[in-house]
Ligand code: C5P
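Given next, in C-alpha cells, is a single chain: the form predicted alone.
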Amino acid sequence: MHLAGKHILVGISGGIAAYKIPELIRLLKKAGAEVKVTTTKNALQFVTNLTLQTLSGYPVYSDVFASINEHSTEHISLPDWADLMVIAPATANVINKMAHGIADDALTTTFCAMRKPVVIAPAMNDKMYLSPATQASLRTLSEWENITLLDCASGELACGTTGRGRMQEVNIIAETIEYALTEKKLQNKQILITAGPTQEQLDPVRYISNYSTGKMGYALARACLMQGADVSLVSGPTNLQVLSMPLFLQEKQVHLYNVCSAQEMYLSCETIFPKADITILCAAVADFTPTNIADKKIKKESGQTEMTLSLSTTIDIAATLGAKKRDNQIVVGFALETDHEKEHALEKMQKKNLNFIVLNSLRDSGAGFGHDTNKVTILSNDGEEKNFPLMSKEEVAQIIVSHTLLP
C-alpha cells in the first residue's frame, strides 16, 4: 500500500468497533500518510483521546466549540487539509444523519463540508443494519460521486448474535482508501493476468513444477484493480490471497480462476482472452508435462538407481494467444532468463507477437522467484527499452502498468 504524502482524515463514531481504529491509523502512517482524527463525543467512550492523539501526532477534533481547536472553524479547515476522509466505524445514527445533511457534532459537520473522496465503513447490530431507514440511507450515500461505501461484514456481533453488521477489517478499509485515491485510468478495461506456477502431475502424489510464488502476478492484479479495471486472474497454486473490496451494492474484486496444469491455464485463458483489452502473461508455465500420468504411486524398485521420465511439450500459451491477438488488444509477456537475457527476450517477443516483454534475470540479486523484490527491463515491439532498479514487486507492478497499459 502506497499513501506517501497523502493527508487522511479519520472520523470515528460511537460504536464498539472504534477500538480497532488505532490499528488503522498505524497502517495509514506506515504507508506514508499523515493522519488527523475527528470523532463524535460518544466515540471517546470506546477509544481514548490520548491514544488517538499519540498515534496521529495531532490533537483530536471532538468538540465544535473546544478551546483547544486550532481553528475556530475546524470542520472547514480539516476538509481543506485532507485528501480523503474515512469514517470508521460509521454507526446507524451517523449514517442516517450524513445521508440527510444533519450536521450537529464535530464529525458530521466535518463530513458535511467534505467535497473530496470519502470512504465509509459501517458497523452496527444486524437489526439496525437491516432497518429500512438505514438501508435507504446507505443507498443514498452509495450514489454520491465522492463516496466509496463499504458493506458490513457478516459474523459474530458485540451483542452476542451472528449476522451482518460487523465493520470490515482494517486492512480492507486501508486498501479501500488507496482505491478511492487512485485515478481510474483503466476504468471499464477488461484485463487478463496469469500468475504463479503450473503443476504437471506425474502420479497421484507427485508433480513437476517450479519456484514461482505468484507474487508478481498478484501485485499486477492489485495494481490494475486499483486503476478501476475489471481483472480476471488465472492462477496456478499459490499461498496468496486475492484482493477484494466488498463495496455496498457492488463487489469490487479480482475474479480468480484457480488452475493447476499448463493445459488448465490455457483453457481458462482461451475463454477469457477474446474479451480482454489487455493480457499480462506473468505465470511461470511448464514447458513440458509427463507424457503418461501413472494411476498409482510410482514405487522405487529394489536396487533401482535411475528413473527415466518421458515428457511432452505443453501448449505455448503466449504464442497461441499472440497469434489470435487483434490490433486493439495489448499482450504483455515475461521472460526470466539466466544467460543472453536481452537476446532471448527480444526473440520471444517477436515470435509470440507480444506488444511488450518484461525481462528479469536470475543473475540479479533480489530478483526472480521467491523474493518480495524484482529488477526488470521493459522491452517494447517498437524498439524502446526501459531499465529499472531493484524495487518491491508492488512498485514493479505500478511501473509495468504505467509503461505498458496507460497512454
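Residue indices: 1-based, along the sequence shown. Since this is a predicted model, take the numbers as computed values, not measurements.
Omitted here: the form predicted in complex with this ligand. The next part is about that form.
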Query raised in the report: Based on heavy atom distances of at most 4.5 Å to this ligand in the model of the complex, which listed stretch, 35 to 43, 345 to 353, 55 to 63, 377 to 385, is the contact stretch?
Result: 345 to 353
Query raised in the report: Considering Asp287, Asp104, Glu251, Glu301, which brings a non-hydrogen atom within 4.5 Å of this ligand in the model of the complex?
Result: Asp287
Query raised in the report: With this ligand left out of view, which of Thr314, Thr213, Ser77, Gln190 would have a heavy atom within 4.5 Å of it in the model of the complex?
Result: Thr314
Query raised in the report: How about Ile120: is it within 4.5 Å of this ligand in the model of the complex, going by heavy atoms?
Result: no
Query raised in the report: Heavy atoms within 4.5 Å of this ligand in the model of the complex: does Pro197 have any?
Result: no
Query - Exercise: Ala88 in contact with this ligand in the model of the complex, heavy atom 4.5 Å - result: no
Query raised in the report: Though only this chain appears here, would Gly333 touch this ligand in the model of the complex if you measure heavy atom gaps against 4.5 Å?
Result: yes
